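Here's a solo chain for you in structure tokens, the form predicted alone.
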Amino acid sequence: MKIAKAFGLEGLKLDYSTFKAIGPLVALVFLFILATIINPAFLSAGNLRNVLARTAFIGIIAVGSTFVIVAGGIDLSVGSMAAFISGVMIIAMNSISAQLGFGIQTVLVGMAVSVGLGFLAGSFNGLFVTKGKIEPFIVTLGTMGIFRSLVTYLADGGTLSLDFGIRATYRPVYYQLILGIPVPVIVFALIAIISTIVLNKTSFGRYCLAIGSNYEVAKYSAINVSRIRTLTFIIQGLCVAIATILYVPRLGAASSSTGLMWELEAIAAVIIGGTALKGGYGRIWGTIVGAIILTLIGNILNLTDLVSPYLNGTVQGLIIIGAVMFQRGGNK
């Protein structure tokens, strides 16, 4: 009962709503078994760590997307935002290293730049949606192009590379293991726990759900709708910043292709996890499961020759369409 309550499954009957609630978990177990059958190497410690580490990037961004979507919005700019933040981080660290050297101080400056840019980018999106009264789809479609264009300009159409001296100091942020667990996975877990508490146990979370459920009613219920919706986009920007901090030491470079299609993966993870695309209902644990499912699909495609891994985007697109159809199936 305690486990069911923690996952929001208490009181469910064995009907469509039950299957809808536990569907992501069932799919995750099925994929895990399928991957094991296809290639026993799937269960190796190295592969499982790789799956979880790769999940962390999209998972952290998807947690931010959960707040945005629950409140009735959407953010298509997260991949481009990550590319832009990565590029500026690298430029800042390379520039400041002449004064601070290649130590931890330089890395901390880069992290501060990332968080600051994530806050500003999220605020930009949120204020244009709320104060400018423009649809989130239009605003973030526009900033998606802006951020991608800016990083291309900064890289002069090429690639921005982190100095090797800084990279040596920064690498442990991605590659270090703590009790056998990659650092990105630990950060992802902490963010998931905090976000679950915020969404389910605070007035802010309740306001997000109320706004997504019925915007007009929420507006006339003494809820500062503009403030809450702006904050959801800021949370999204900060989540992108944190994911970028963890991603940069992996490759030590940024280009116009960095973060490509991350917005698709983030939205897919949220929808697969059971959050309603129209807003008003969402669950962080579902988003986490959705992110793991997407990573597992990519991993399975890499472990087998039956389907080309280049079709990963096709699979993700079909999953999004199927998940939305499944959600609507219970509302006939």
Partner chain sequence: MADKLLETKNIAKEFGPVRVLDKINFDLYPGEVHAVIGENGAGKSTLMKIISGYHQPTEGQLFLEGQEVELSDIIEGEKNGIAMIYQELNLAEDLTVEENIFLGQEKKKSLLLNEKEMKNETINILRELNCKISPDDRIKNLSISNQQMVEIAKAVRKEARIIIMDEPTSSLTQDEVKVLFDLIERLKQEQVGIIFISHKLDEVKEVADRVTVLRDGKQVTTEQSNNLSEADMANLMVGRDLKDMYPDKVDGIKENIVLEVKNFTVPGYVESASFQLKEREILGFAGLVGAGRTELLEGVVGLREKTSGEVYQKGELIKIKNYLDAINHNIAYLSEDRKGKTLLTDKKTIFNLTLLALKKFTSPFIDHEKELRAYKEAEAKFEIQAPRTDMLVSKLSGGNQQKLGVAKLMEIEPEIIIFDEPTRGIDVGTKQQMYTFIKELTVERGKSCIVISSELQEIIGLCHRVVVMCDGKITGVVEEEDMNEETIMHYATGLRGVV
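Keep in mind the model is a prediction, meaning the values are calculated, not measured. Numbering follows the first chain given and starts at 1.
Note that the form predicted together with the partner chain isn't included here; everything after this is about it.
Each of Lys201, Leu209 and Ser213 near the partner chain in the predicted complex, meaning some heavy atom within 4.5 Å? Contact check passed for all of Lys201, Leu209 and Ser213.
Pick from 41-49, 24-32, 290-298, 274-282: which stretch has a heavy atom within 4.5 Å of the partner chain in the predicted complex? After filtering at 4.5 Å, what remains is 274-282.
Go through Ala112, Leu150, Ile91, Ile197 and name the one with a heavy atom inside 4.5 Å of the partner chain in the predicted complex. The option sitting close enough to the partner is Ile197.
Which one, Ala98, Ala222, Ile193, Ile104, lies within 4.5 Å of the partner chain in the predicted complex by heavy atoms? None of the others qualify; the residue that does is Ala222.
Heavy atom to heavy atom, is Val217 within 4.5 Å of the partner chain in the predicted complex? Because a heavy atom of Val217 falls inside 4.5 Å of the partner chain in the predicted complex, the answer is yes.
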